[in-house]
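Okay, here we've got a single chain as structure tokens, the form predicted alone, with questions on binding and movement later.
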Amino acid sequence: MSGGDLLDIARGVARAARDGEQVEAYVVRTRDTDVEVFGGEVESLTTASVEGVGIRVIAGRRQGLAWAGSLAADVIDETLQEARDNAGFGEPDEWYGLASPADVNGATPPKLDLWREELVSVPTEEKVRIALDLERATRAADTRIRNVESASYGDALAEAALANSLGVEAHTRRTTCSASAVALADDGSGTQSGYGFVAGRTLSDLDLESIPRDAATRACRLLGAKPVPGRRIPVILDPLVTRSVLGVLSSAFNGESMLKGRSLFAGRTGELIGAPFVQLIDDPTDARALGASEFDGDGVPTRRNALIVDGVMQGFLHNVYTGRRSGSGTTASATRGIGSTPGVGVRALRLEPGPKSPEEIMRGAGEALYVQSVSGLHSGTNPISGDFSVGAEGLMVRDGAFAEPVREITIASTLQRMLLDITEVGSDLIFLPGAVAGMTVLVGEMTMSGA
């Protein structure tokens, strides 16, 4: 996967633009491997290689898109013609236009090392062995582990190139890999599950020994969980729960949502929307983030975007289209696939870590609820109004330590109130696959409904 040919292909398409026409080619090549094991045997093994091109044509303020899962020259020619045809049927929009040198505005792409060549040559047999070893180790991690619901390994090699007829070009490539296990524990009081998970850019980044330990610990500490009486209480969010909540919250900072009137923060730029120490950042230039990239989906060099600084909202994320339409300009936040026009999205969203470890946060929280997992997040959260009510399970915290486990409870607030009620952000920043990182967060008060 050398990648140079991808940019050559994209340039060739861009050079085919006719007078009065803007043409863009987005070319990708990926290889993904996923291994799932169960009961000491491989349950599924998939290795998929994909290459293809998406072509946009803009003419007369009309936009057309076509794509194909092939890089054959004749197929690319047909795809370009199809995009032209589609543009003829498109609705006119005065804001349509490809990224131009003015949108790039002299910005240079960050220098990021996101590719690990050694991952390319890892044999499939080694990937299967990792998953099988994880299952065996998870089963043996505690005598109360009765089964392993799943153990898996996955990796991805991805390259993309973009060129348009206005002179904007981009090329990116990255590797990622991850492994996980879900343990099922039972001591006669009922079955509980717990997960272990690690991710990185190559095998040497993965602390595989932590997966069985974490899965068993998380499952066993929930044994005997019961509902508890409802009340208002401080809530500590596990890093993976924080990640999920931030993922839902991210749509409120989406320029596309704002233009459609679907953001709960519309019109609030410059206002205090979080606790005074809260910093919310989308930084795809941070190579530690697995969603990091040198360019966005429009071909514009990425940048660090601060969404909340000292609790004050700074603005929205934009691609070229929404940036022009809003008058704000692009924030290099375009996301896309070959079969879609650029949307808007986060790539490396995180809260700025605080100085305290999870243990220090627990010691200072008094009586609190530690939420290990949530259910019904998308159905129980309204990203437009901010209403938040989800099922949860976890443990009570007293005197700085875990106490009795709890289940069949609901935690409720609003996203707006939760941001203002954050009292601690942990130092345990965890980068995971996808666009959002996690860390321990203490919310000063939420409604817990239970027995």
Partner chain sequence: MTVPLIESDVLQETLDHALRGGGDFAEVFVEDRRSSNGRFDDGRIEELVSGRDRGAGLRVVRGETTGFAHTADLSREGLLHAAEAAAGAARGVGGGTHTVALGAPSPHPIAAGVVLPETVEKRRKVELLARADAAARATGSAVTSVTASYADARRRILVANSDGLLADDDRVRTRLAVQCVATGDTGMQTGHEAPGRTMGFELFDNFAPEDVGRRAAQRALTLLDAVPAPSGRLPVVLKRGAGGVLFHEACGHGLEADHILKDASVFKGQMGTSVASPLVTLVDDGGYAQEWGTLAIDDEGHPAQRNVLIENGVLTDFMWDVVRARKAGRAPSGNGRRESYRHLPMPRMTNTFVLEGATDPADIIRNVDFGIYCVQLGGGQVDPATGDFVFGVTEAYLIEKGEVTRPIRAAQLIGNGPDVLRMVDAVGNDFETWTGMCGKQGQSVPVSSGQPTVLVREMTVGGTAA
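C-alpha atoms forming the largest set that superposes within 1.5 Å between two forms make up the rigid core. Numbering follows the first chain given and starts at 1. This one's a predicted model, so the numbers in the text were calculated from it and none came from an experiment.
Just so you know, the form predicted together with its partner chain exists too; it's not on screen, but the next bit is about it.
Chemist: Does D286 make contact with its partner chain in the predicted complex, using a 4.5 Å heavy atom cut-off?
Modeler: It does not: once its partner chain is placed as it appears in the predicted complex, D286 has no heavy atom within 4.5 Å of it.
Chemist: How about E149 - does it come within 4.5 Å of its partner chain in the predicted complex, if we only consider non-hydrogen atoms?
Modeler: Taking the distances in the predicted complex, the answer for E149 is yes, it comes within 4.5 Å of its partner chain.
Chemist: Is K260 part of the interface with its partner chain in the predicted complex - any heavy atom within 4.5 Å?
Modeler: Looking in the predicted complex, residue contacts with its partner chain include K260, since a heavy atom lies within 4.5 Å.
Chemist: Are any of the heavy atoms in F89 no more than 4.5 Å from a heavy atom of its partner chain in the predicted complex?
Modeler: Flag for F89 set to yes.
Chemist: Hey, of 293-301, 236-244, 202-210, 319-327, which bit sits against its partner chain in the predicted complex at 4.5 Å between non-hydrogen atoms?
Modeler: It is 319-327 that comes within 4.5 Å of the partner.
Chemist: Counting only heavy atoms and a 4.5 Å cut-off, does its partner chain in the predicted complex sit next to every one of L65, S379 and D387?
Modeler: All three within 4.5 Å in the predicted complex.
Chemist: So its partner chain isn't shown here. In the predicted complex, which residue out of N105, T108, S189, S375 has a non-hydrogen atom within 4.5 Å of it?
Modeler: After the contact test, the surviving option is S375.
Chemist: Answer with one of T335, S178, Q279, S193: the residue that has a non-hydrogen atom within 4.5 Å of its partner chain in the predicted complex.
Modeler: Only one listed residue qualifies here, and that residue is S193.
Chemist: Give, in sequence order, every residue of 332-363 that has a heavy atom within 4.5 Å of its partner chain in the predicted complex, or say none if there are no such residues.
Modeler: Read in sequence order, the residues that approach its partner chain (within 4.5 Å, in the predicted complex) are G339, S340, T341.
Chemist: Inspect the rigid-core superposition and answer whether the C-alpha of S44 shifts by 2 angstroms or more between this form and the one not shown.
Modeler: Moves: yes, 2 Å or greater.
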